[in-house]
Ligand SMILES: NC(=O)c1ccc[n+]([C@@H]2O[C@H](COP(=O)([O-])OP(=O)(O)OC[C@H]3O[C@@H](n4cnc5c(N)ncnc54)[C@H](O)[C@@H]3O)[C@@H](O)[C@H]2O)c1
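Next up is one chain by itself, shown in structure tokens, the form predicted on its own.
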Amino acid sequence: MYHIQTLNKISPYGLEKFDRSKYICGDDVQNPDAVLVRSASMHDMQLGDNLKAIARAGAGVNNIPIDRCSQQGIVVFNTPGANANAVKELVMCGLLMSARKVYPAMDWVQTIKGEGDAVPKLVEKGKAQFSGPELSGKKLGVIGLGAIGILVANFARHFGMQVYGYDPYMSVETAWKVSRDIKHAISLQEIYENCDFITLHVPLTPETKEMINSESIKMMKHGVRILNFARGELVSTKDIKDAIDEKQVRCYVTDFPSDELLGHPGVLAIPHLGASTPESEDNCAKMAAEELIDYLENGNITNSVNLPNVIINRNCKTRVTVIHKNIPQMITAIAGVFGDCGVNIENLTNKSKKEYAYTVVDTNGDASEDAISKLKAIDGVIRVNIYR
């Protein structure tokens, strides 16, 4: 039996993926083989020797100690794209709110409550202060063409917008999903200089942290509207506030409120609602469960943040997987163990991701305890798993 510990309330659409004849799931499970988590922080948790995988039902993994997991040979999964449609829809809402001043207008109209028959006249008199431009014909810059960015870029065309897309790391598979009407920007500067609206859809890395700052804002069109539904730290709080005060930025829409931003004129703060839909929670839970099942039963890795993707059909009697450091001579050493033990290798696949690598060995023979012990003894090997 596999033991799955849940650290948050997980959608039943995900939990039902686990065959009850093979899996025990619950928040009281001890010494789990895998953990299924949403927002609970795991940084102070003890990671048991039996723990093989953690699946985050969502995209961000800042609540999981990635480095510690990698050092212990624990595969960390996330669910990119499962909440993409939910976030896309809120971005579209953000575009409209940033242009048409919907939120301040709705806030103002409440102030004339109690005016009785005078309300219609007061509405007509006061509405002029909330006029704003249409989206049709305006230029939208989409920075990051991942699962969400692509949906935003393609959908914005239906608003009649001219869309610029920038993503230097876009894969061929991803490129097929981008509408031919999207203009491929060759640099961020091209986005900054041309676009009336800019929306961010990139991960938070040392390179992207505070990528929207005083220097980048200076390159933007006067009166630009900026949307951030990716990560709050992509935008410098001080610099965006200064730019709004100076009218260089007309509006900043963010799904990541902070005390410094709340109440600042020109900031539309949303309480992190991007993925807060029942459909999104269902999709994330199902994808996370499927990732765990395929890894625990077959050793396949899909959507891991700390190890490479490796998906191979199982056609042999025994599969041995090895998580190890990405250093020279590892494949030779691993294959040598099987040769020394008289086991013929039917298939061997090795892939790496930064300083870690994953090797999958399929054989029609059996992996003896002696072979497994020798594999574990190889310098640089972190974890060995057997699938029979």
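Nothing here was measured: the structure is a model prediction, and the numbers come from that model. When you see a residue number, it is the position in the sequence shown, counting from 1.
The discussion below concerns the form predicted together with the ligand, not included here.
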property: Proximity to the ligand in the predicted complex (heavy atom, within 4.5 Å), stretch among 113-121, 219-227, 132-140, 206-214; result: 206-214
property: Pro265, heavy atom within 4.5 angstroms of the ligand in the predicted complex; result: no
property: 4.5 Å heavy atom contact, Asp255 to the ligand in the predicted complex; result: yes
property: 4.5 Å heavy atom contact, Ala147 and the ligand in the predicted complex; result: yes
property: Distance check, Lys286 to the ligand in the predicted complex, heavy atom within 4.5 Å; result: no
property: Candidate spot Val87, Met170 and Val202, all three touching the ligand in the predicted complex (heavy atom, 4.5 Å); result: yes
property: Position in contact with the ligand when the complex is considered in the predicted complex, options Gly48, Gly60, Gly26, Gly339, heavy atoms within 4.5 Å; result: Gly60
property: Listed residue (Ile240, Val163, Ile301, Ala275) with a non-hydrogen atom within 4.5 angstroms of the ligand in the predicted complex; result: Ala275
